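Take a look at this single chain in structure tokens; it is the form predicted alone.
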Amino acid sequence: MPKQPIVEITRVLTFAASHRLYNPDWENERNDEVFGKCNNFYGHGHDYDVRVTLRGPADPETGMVINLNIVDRITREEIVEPCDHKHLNHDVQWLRGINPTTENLAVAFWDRLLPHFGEALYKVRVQENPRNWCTYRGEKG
């Protein structure tokens, strides 16, 4: 039987949330200098776009790397439902103590999804606006 080609499949989900970027160990002036308007004490909001990419051979019987309904369900349970319409600094237990930059969110979301998808998880992309996103591929680089 011929070797199955390796393909990537991506599922996109969205949620709305607010956050504040700041370092609690710094004076407010330094936070303002580094994070600007994103250091607003009450936070600010984004419509986040999360792209979860899985990679592997397509199953010869189904033609799929993984059923996207499974990817959708797990990503909703692990990321979208806990974060949607929440303040990421305060309302999401597993994000407390993390400065919720796009970079840190991509890593945190990866960590939430890895136990479910294992080696098939290839990358997580978090986009907070049309001009700003971060992609994380685990420690693979």
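Position 1 is the first residue in the sequence shown; the rest follow in order. Because the structure is a prediction, the values reported are computed rather than measured.
The same protein has a further form, the form predicted in complex with another copy of the chain, not shown here; the description that follows concerns it.
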Within 4.5 Å of another copy of the chain in the predicted complex, all of 43, 90 and 101 (non-hydrogen atom): yes
Touches another copy of the chain in the predicted complex: residue 47 (any heavy atom, 4.5 Å): yes
In the predicted complex, does residue 121 have a heavy atom within 4.5 Å of another copy of the chain? no
I'd like to know whether residue 85 contacts another copy of the chain in the predicted complex, with contact meaning heavy atoms within 4.5 angstroms. yes
Classify residue 116 as contacting or not contacting another copy of the chain in the predicted complex by the rule of any non-hydrogen atom within 4.5 angstroms, answering yes or no. no
Can you list, in sequence order, the residues from 34 to 61 that come within 4.5 Å of another copy of the chain in the predicted complex, counting heavy atoms only? 34, 35, 37, 38, 40, 42, 43, 44, 45, 46, 47, 51, 55, 58, 61
